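The chain that follows stands alone, in the form predicted alone, written as structure tokens.
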Amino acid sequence: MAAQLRLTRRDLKAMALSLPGALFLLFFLFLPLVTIVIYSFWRSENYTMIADWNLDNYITLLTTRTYLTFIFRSLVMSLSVSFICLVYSWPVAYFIARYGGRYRLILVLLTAAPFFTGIILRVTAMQQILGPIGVLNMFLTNMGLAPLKLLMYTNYATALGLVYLWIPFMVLAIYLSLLTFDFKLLDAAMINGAGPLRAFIEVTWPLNWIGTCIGLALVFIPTFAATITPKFLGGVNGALYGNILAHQFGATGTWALGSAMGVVLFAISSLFVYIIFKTVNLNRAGYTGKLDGE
């Protein structure tokens, strides 16, 4: 009886602690999402929402070549940026976690130094570097070389800007995963004949895969919904899905179509997260499903 009473008190305490977070998710995530889903089945006319239930918005998105092009372009951009961030972030996070010592926290904070300023300022700084009269092209001109026209107002510039923005998220996710990793396992693998590359592929990588998945999600989703970076760096021909979505709630006033685009964005992002997390083996990652003391 006393054990049951203690269990009840613990459950009540857990519920009380989780209540603020649950309310936050309810009012600022779940309810807005439900509203967007409902609006996606309506139609808009002259900036007014009309409760005329239909599937026209989804039919338009899935049958119009222009919208499909933007979805495909954003999907390719998101996958490319996620891959580049992954390749760059793993060595950085690995070095900080294993060799950073007492300076690890400082090194991680330095990777997030660009976030000390606003996103507009950071993207504008990229313009000053990549632009036609930017620092890089000025250097090439002074060296007697022709300026590079591919650097600005292209998808390459957009990808570079997005990589610059989201790398800290990937580094942090992998670093936090490596914090609980026992690097002595690598020494044991090498003693048993594994080289550094094989030890990484068969030990470090799979045991920290969940951190990698979190990093991929943190990069893929904001890239797919990006608006500011493509607008400033991609130019007219570099617009992504997020730019067209924002346009529906601005100049055109087609809020119902924009709501449907938002639902599609959420669905694609959720599908990506589901696919990558289906590859996670919790048992191999060291998760037993039990809390300490149980």
Partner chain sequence: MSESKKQCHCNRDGSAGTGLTRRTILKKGALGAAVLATASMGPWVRTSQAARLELRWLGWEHYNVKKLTSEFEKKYNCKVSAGFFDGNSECYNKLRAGGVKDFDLFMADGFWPRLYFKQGLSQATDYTKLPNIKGCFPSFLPPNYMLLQEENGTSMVAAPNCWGGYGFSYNKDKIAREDAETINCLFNPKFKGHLSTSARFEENIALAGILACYRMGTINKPRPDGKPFNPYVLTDQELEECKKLLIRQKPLLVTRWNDEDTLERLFRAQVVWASPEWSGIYRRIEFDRLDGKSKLNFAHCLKPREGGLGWVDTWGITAGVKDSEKLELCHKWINFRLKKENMVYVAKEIGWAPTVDVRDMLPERYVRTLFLNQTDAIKDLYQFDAPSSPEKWERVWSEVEAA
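As the structure is a computational prediction, the values presented were derived from the model and not from experiment. Positions refer to the first chain, counted from 1.
There is another form of the same protein, the form predicted together with its partner chain; it is not shown, and what comes next is about it.
**Student:** Tell me, yes or no, whether Gly253 is in contact with its partner chain in the predicted bound form, where a contact means a heavy atom of each within 4.5 Å.
**Tutor:** Contact check for Gly253: yes, within 4.5 Å of its partner chain in the predicted bound form.
**Student:** Is Tyr47 part of the interface with its partner chain in the predicted bound form - any heavy atom within 4.5 Å?
**Tutor:** Residue-level check for Tyr47: yes, a contact with its partner chain.
**Student:** Any chance Gly195 has a heavy atom within 4.5 Å of its partner chain in the predicted bound form?
**Tutor:** No, no contact at 4.5 Å.
**Student:** When the contact criterion is heavy atoms within 4.5 Å, does Gln127 count as touching its partner chain in the predicted bound form?
**Tutor:** The answer is yes: Gln127 has a heavy atom within 4.5 Å of its partner chain.
**Student:** With its partner chain left out here, work out from 212-220, 187-195, 128-136, 173-181 which stretch has heavy atoms within 4.5 Å of it in the predicted bound form.
**Tutor:** Flagged stretch: 128-136.
**Student:** With the partner left out here, which residues of 203-238 have a non-hydrogen atom within 4.5 Å of its partner chain in the predicted bound form?
**Tutor:** Stretch hits, in order: Lys231, Phe232, Gly235, Val236, Asn237.
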